[in-house]
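Given next are two forms of a protein chain, the same chain in both, each as structure tokens and marked structure 1 or structure 2.
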Structure 1
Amino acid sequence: MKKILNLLLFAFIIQVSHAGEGMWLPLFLKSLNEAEMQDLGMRLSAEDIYSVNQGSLKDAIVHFGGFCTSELISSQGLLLTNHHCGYGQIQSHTTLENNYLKKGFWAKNKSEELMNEGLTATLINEIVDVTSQALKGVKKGMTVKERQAIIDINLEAIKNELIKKDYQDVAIRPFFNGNQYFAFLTTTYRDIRLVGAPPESIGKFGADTDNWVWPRHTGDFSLFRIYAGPDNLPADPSPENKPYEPKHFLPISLDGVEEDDFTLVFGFPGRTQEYLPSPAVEEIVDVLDPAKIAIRERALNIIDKYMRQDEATRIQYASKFARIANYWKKWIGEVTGLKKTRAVAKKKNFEKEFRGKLPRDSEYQNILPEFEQLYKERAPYAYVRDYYSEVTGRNIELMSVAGIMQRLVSAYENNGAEAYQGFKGRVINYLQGFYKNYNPKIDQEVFAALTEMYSENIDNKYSPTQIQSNTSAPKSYKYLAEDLYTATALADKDKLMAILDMEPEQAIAKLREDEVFKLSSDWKKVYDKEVASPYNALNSQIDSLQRIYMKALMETFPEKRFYPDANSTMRVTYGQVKGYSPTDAVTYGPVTYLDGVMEKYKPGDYEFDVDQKLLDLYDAQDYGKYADKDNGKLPVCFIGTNHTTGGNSGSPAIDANGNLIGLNFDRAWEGTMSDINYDPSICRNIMTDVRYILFVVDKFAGASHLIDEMKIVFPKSKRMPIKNQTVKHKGVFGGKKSKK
């Protein structure tokens, strides 16, 4: 095991011969990446990026709400993240009278900044390798359950041994499919206030048409602020709290970017699957992604129709539509990219090389044939699983409510009235927000369309009786939907709340009588028995084999470096500003300008309209100090080779000197398959240029008081190094300094 761990630290599974690929743990940059990063032009040291003994870049990187990244850009706790990351909060404060989505929002002073219930900002204090402790007692030949039982006990012991402050939390995550473990000491702030957001015509310019597309012209940013108690530590939201004072915040460079400039993106990427075997990639390309794309496309067409007819509906469904459309378009690009780069063939060639290096008596000889067999057995269940999840869990809203009601009934059945009452309080809070943005007419039409798709594409044995297909007498799913939505209490807030006001026994009885509740329950029973049970059994075997496969690859290719798959933990990715050529005779430059916004401008169109103030500034060429120094144009976005994914939304793009130059918000459509197969020829991350952000804040919004908080630098004319703040630190094990 010790030999394996050493290889894990100093080997790569796939040779990285180009800048861009990899999502690296920052505490290993010194040993694995520093030299390469400096060859690409970086002037920082690994200690400047990640340190537990002094202020470093990591202290300015914030996990925003647990789903996005943000960064500190002033000494007063000012946070920068994407507009789409703050969209839910902006929407929650929006009304027809105060339409912050359409008009934007700018607090003129701190007293006008808006509180956001439940929103958090988490800082990473330290990352600790706890692999040896986590795997203590794990032996070869153990079953999956035996192995995990020992690891779970070890992880609890590690949490108890870690020295931490009362306000800190500990999260331990597996890496390399469970071959390695790291503990993250964190501090989470709970008072996060909305400071500023541009109108959608800037923050969401291009909307769904331009999503995942380059060239891009979107000012995808919003501003928040962390508030702390009098001791600068986390505190419950309160008017008495003060702006947080960070250990480090990012200076902002106005020098701009040029092709081949070094770029570092720091954040919390969500999930990648870079080391899947070829049958898994084939399944994604040929079966799973196409099914999910078709389902979401059907739902989106219905929602879009209603949003275009009514402004109130557009506000109501804006966030939901964007959420559904985001991965719909991503999956389309993923399939296209995987096919274009021949990802399956590459995997098979690599597997052939892997087999060729194995000794005849190797314990790993049967891994690939086992993968083939397991994925073949799992395939029909995986298909139904994705269909069921998309239809009942993500696109028919009423089925989601029915699922929550099932959990409420289960709480009563399994743990009695006290558990029921406790869970009911959470349910009611959720429903208050849900019904604010719910239109049963729209949902009814989506229900009819998607249940019909389910019956047409899924075998009857995986369907509840109510929606099984009947070729001799085809059903009208439109009429089925009408009957259900008319009869159910779940589509009406007042009716459902009246049920929840009853005594538990009465409420449970009423819910069980509800037609939509009965459909949801019947559907789940069929799914649990016929799909979930066999799928989970096979998937457990696949997961276990994947862990062994990782170990095998590491031992077989000791000369190659590797990086762990993303799992929502802090990572660094580095690359360069670069254009690309996605198809024959098409070449994209790396930077877009405000000219491109005006070229796309369509008056009155909700995706491509432009605010009159921005039109006036463009006509006057009034860009202030934010124009490009060489051509006088106002830059809007740029692209790089950084390896990013979901969760990197809001990540800072940092220059060679540690200054903020942009804000990561998307990937180019042709390269969204980078979660599975990074290819330097077409994988590009998209960033809003910080000069456009500051131009909007200053010239467009007139919020120059926010600019005054920031530290503006011009490093290309004179380098502005990071100013580190030395802090006292104790190691986390036994008071000794942890080894990195």
Structure 2
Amino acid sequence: MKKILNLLLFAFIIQVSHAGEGMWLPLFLKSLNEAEMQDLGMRLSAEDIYSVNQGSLKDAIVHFGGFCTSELISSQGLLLTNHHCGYGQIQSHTTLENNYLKKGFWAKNKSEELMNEGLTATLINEIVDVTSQALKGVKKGMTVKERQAIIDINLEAIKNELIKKDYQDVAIRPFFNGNQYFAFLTTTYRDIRLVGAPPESIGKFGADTDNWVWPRHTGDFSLFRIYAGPDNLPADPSPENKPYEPKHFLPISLDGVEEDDFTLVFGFPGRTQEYLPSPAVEEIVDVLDPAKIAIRERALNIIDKYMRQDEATRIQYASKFARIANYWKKWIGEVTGLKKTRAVAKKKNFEKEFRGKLPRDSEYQNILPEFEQLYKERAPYAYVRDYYSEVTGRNIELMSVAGIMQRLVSAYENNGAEAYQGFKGRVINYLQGFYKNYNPKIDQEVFAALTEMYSENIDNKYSPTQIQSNTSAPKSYKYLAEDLYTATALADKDKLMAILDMEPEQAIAKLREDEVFKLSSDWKKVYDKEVASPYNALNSQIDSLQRIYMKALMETFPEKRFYPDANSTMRVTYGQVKGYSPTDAVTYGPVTYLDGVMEKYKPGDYEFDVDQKLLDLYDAQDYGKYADKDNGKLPVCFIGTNHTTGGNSGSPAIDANGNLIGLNFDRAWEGTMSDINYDPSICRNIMTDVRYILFVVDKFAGASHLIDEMKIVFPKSKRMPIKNQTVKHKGVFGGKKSKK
């Protein structure tokens, strides 16, 4: 029986990447993916998606602020991204009188569009394979340091060679754990203005309860615009700037989706770890994820209790709560999915197969036992590392403030008074925002709970004396917290600002006397010495072994198509619109409708309230041209098998003809383990249907001037092939030639 099971599992994994799996470099679509994509129904060529010689889809894909994706949807630089990606900007313009979070925001014309300090939009001009130059002079047997030193010199030379225009940047990134290197020539725009955002009751409908959940009913979008200087090139923010004219923007198809339709998602996925060996996955499932989940759960319970008591606190902590809850929930889904799809067993079988294929004298024979050994040695440090970063870096707010104060002190000690003053300016800026949303009472309770947890779970030798568990005189963390929060200046804005007002020497002396500052610096000292140092040493060995393992895999399975792990560079993923079965006897359809919003509607509830205007439109069934042609309902979201991760938020979902049909914003909970082990049975990305977005802009907000800017097509209904559209419209495929 076991044998049969193993064989079955085995049949699963040796299959060459499943439809849907993979985050592909646009550069290699022709050789690796084009045929499969066309088999799935795509009518574009690889050159239509990525080309350096002519306008292609890639010219419409924009890295938004370096953390999300966005896309150009008009000839005047109009950008579409998620509501949760533009959240910080929308919030920054929000006041009690102009509550854009609650009411939404719509600029009636360009002069009303709002500037956003520091926000950038990056376009990719060209991707270049620089592997051979990057690895020139690198030899087997070099130490990690020696190898990296040579590569660093090489990369510097490549950069200087590649930069041709003064407005361009170049970033060179390792792929396949450092076996390959690619350079990205980019142009970054710096004047990005807010154009429109729906109210939270649409843009964040379902909030944390529905986060990572299918069926979903969120209109998670917002609109921005790129502004450029007179030459259409990047310029500092200025009223003189004019809307950017893109080389390509996405036409929008209102035809809608059906199960099995081809979809392509184009964006900037952040980080995945698809090629980890089994001990690493085992550690994530059994130790690291559960530890982080438990810590966040303690913190979230406390914050939630206060948020429910008081509306002002709810507003203050909404965004922090959402941030902590986001990955707390993701990790739970990840563990569930890894177990459900038996990821560890699959990895182990795959490893058996790999070793079986190696010749007896292969230099790769020892990789897996070495991994086993290294992960075992690293385990205690990895555990404390996650504990430390969750407790001090993510959940006890005062520890983050203390950490910043430490950096300020170091700036003075290492780089002098000028560096101190420069950094201090930024710190004060940050603190102004921080204290606006800070409640020391909540934080004190979180502190007590998490330091207690730390001392219960972590050996004393990794703890500062203040919080060590002491069996002879058991300590109450509650009273420790009370003492510290009463004594410290860091929990009080005025007290801390008064210290920062002093001369540097005096301020530093004051900080050094502070008990919370002391705790934070003692904690860091123990951590750096006892944990970070051995962890980093072992981890660097693991990294270099992973590079060799990756190379070995590619050599051992030459018939398999490998895709590089996500690293915030531009990728194409593709798949099909598809439902799934999350649990026994339960099946989910792939599309949701406005009717589902109404089913979830809870008047007055901050997660599930619905705006009166939307209720009216629903009652009147007034959906205009945005209703589904077959059933007359208004579509809201749909799911597909596209392989996405954090950073893909705001990515366009593109149809077989190159038109925009949806906006990626999330994944289904059961499949969030796609970051470690994609499984086509349950991994689904969640997109807002573009018809819902346009309905909200047009019918709900009355911003029809924005619709007029867009290019709306009905390719299925009109059976118009993509090439015909291009001839008529400049800026859409093949319009303009590249300037190069």
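Throughout, rigid core stands for the largest set of C-alpha atoms superposing within 1.5 Å between the two forms. One-based numbering along structure 1's sequence throughout. Bear in mind the structure is a predicted one, so any value in this text is a computation, not a measurement.
Asker: Looking for the form predicted in complex with ligand ARG among these two structures; is it 1 or 2?
Answerer: Only structure 2 fits here, because that chain is the form predicted in complex with ligand ARG.
Asker: Take the rigid core as the frame of reference and indicate whether the C-alpha of residue 318 shifts by 2 Å or more between structures 1 and 2.
Answerer: Yes.
Asker: Return yes or no for residue 159: a CA shift of at least 2 Å between structures 1 and 2, with the rigid core superposed?
Answerer: No, residue 159 moves less than 2 Å.
Asker: Given a core-based superposition, decide whether the C-alpha of residue 307 shifts by 2 Å or more between structures 1 and 2.
Answerer: Yes, because once the rigid core is superposed, the C-alpha of residue 307 moves 2 Å or more between structures 1 and 2.
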